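There is one chain below, alone, in structure tokens, taken in the form predicted on its own.
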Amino acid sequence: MKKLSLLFAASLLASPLALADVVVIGHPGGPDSIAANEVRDLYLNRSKALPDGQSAKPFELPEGNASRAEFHDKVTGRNDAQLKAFWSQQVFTGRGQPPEEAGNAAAVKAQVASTPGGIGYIDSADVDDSVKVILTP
């Protein structure tokens, strides 16, 4: 019985670590794939277009979101503090505005699905047929 209790406790501790991976999603009418460096350039204001030439509209999850942290760790290589400093400089110098923030994964998915050129990132478990996965970083 003690062994079973320990096994159960260990599974509870491990379950948050078993989250699905973050994926980059796109509007159904957009490109079928995109390179990680192209996504990085979109999210760091270095590019404004998707690989097919369509104008891009990136969407962002809020600060503190685990999928946001994973995405930026894998794709842009920046944490929330670095992103805040980067975008403060971009806005102050008139070079650009940060991606539009959506409150949660469902909102990102809805925005991307309804916006031609929309691109975002969510947990792979949240993907449905309203959007398409264009990159798994």
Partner chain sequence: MKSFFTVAPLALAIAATPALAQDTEQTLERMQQQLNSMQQQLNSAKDTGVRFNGFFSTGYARASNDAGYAGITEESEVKDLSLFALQGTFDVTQQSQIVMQLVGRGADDWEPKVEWAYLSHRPTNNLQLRAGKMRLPFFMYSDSLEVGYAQPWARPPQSVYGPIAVTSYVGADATYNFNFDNSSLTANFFTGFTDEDGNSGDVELRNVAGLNLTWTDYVWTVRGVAATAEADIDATRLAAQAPAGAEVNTVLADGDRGNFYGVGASYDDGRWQVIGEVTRVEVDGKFADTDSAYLSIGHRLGTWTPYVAFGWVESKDDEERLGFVTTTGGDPLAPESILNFQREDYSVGTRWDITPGVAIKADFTHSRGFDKGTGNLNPTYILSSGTNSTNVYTLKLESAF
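Small disclaimer: the values here were computed from a predicted structure and weren't measured. Numbering follows the first chain given and starts at 1.
One more form of this protein, predicted in complex with its partner chain, exists but is not displayed; see below.
Across the proposed site, Ser33, Asn65 and Val131 without exception lack any heavy atom within 4.5 Å of its partner chain in the model of the complex. Though the partner is left out of this view, Ala69 does not reach within 4.5 Å of its partner chain in the model of the complex, counting heavy atoms only. Although the partner is absent from this view, Gly94 contacts its partner chain in the model of the complex, with a non-hydrogen atom inside 4.5 angstroms.
At the 4.5 Å threshold, heavy atoms of Ala105 stay clear of its partner chain in the model of the complex, well away from it. Within this chain, Ser124 is remote from the site of its partner chain in the model of the complex, having no heavy atom within 4.5 Å. The partner is not shown here, but in the model of the complex the stretch 84 to 118 reaches within 4.5 angstroms of its partner chain through a heavy atom at Lys84, Ala85, Ser88, Gln89, Val91, Phe92, Thr93, Gly94, Arg95, Gln97, Glu100, Ala110, Gln111, Ser114, Thr115.
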